[in-house]
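The chain that follows stands alone, in the form predicted alone, written as structure tokens.
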């Protein structure tokens, strides 16, 4: 039997090879390190995973598509963006993962997101593979007509690579209901098919699922609540800091309030707001979802209880819980030290990889319950898979049924991560538990299907 030390050495060699084969992709390197550094125990215990080059296949996407996206603005000027779709692993089902429209998007970012998605989707138990896509297009400040023209151009290439049994994209940063509508319309126009299951995050009146917009934020709060219950506490009366002010953050704040906690912050790239009375959700939705404004507008309208801190770090605000819900690597080691000094009890990731590796290790050493994104924010993709199920049956579930399913799935993910961590000698380590549990599910399917 291979020893754990020998396995660790082999994984280190593989990580070096990943960096060599994928230059200038730091986010993908970070994601690969985060997963592979926890796999030595399972590979030592189950050597059959090492024999067919399984891990080597797992870290290489099955398909990577890069394409040109030309479009015209309202003044008739032509712009050219770059589109991506990385279909990472389909051992458990069709590729599933969002589309991100943001200037920071590049191949390395999409590969990191797709790699994370493989394990996240496996944890849901819903038979979906992992993928991700997007473009370096920035929808902020663009008219509806400009966004429509971009989405139509983007789908004109993407359509040939997706399908309800092949690859099912959804939304992500910069891609909400408006963008999904334009993308679906162009897919339908090109293919002459009403294939509702090809995209998720659709409008409720034309194939979408109730609770889908809320699912990522709701699910993250449910996971945080499960971590607290494991420690003999609940959310009632707890104070929370939430970063971001998009879809995930808004519904994180909403679910915290529903379960008796008080979220006192929100943020965007301009800075953050701290509201002593707790975030006024109706006002935040008006500013961000209707007016597409900035959080300083929220502070101006809210009155004396709220103040805007330009360029600040939301993690400076003392709280019992922290829920990073904006973007990758937004919470660093210094932020983690500040949270620990202020007595934080739990950190649960609503965004994808928002906490740097150094910050994760500091939080874990301090005894803070830490919920990694691939487990804690799996609610969004879980309800996307439930939307696919409704599309397949040409039916629509009630909001109550969807939320009950979401609650069950998030509690099951927590239990799976907790029990797997215990089984491999890392009690309370949700990072190890999530990585190994997700890996085992994908690895078993890959072994069964042969070297492909």
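Positions refer to the first chain, counted from 1. On a predicted model such as this, the values are computed, not experimentally measured, just so you know.
The discussion below concerns the form predicted together with a small molecule, not included here.
### Query
Taking heavy atoms and a 4.5 Å cut-off, does residue 325 contact the small molecule in the predicted bound form?
Within the cut-off, so yes.
### Task
Using a 4.5 Å heavy atom cut-off, state whether residue 196 contacts the small molecule in the predicted bound form.
Taking the distances in the predicted bound form, the answer for residue 196 is no, it never comes within 4.5 Å of the small molecule.
### Task
Report whether the minimum heavy atom distance between residue 173 and the small molecule in the predicted bound form is within 4.5 Å.
Looking in the predicted bound form, residue contacts with the small molecule include residue 173, since a heavy atom lies within 4.5 Å.
### Message
If we define contact as a non-hydrogen atom of the residue within 4.5 angstroms of the partner, is residue 351 a contact of the small molecule in the predicted bound form?
### Response
Flag for residue 351 set to yes.
### Query
Within 4.5 Å of the small molecule in the predicted bound form, do we find a heavy atom from each of 212, 244 and 267?
Judged in the predicted bound form, 212, 244 and 267 all sit within 4.5 Å of the small molecule.
### Query
Looking at 160, 140, 365, 341, which is the one with a non-hydrogen atom within 4.5 Å of the small molecule in the predicted bound form?
The option sitting close enough to the partner is 140.
### Query
Which pick from 124, 135, 200, 216 sits with a heavy atom within 4.5 Å of the small molecule in the predicted bound form?
Flagged contact: 216.
#### Entry: Candidate stretches 183-191, 84-92, 273-281, 247-255 - the one whose heavy atoms come within 4.5 Å of the small molecule in the predicted bound form
It is the stretch 247-255.
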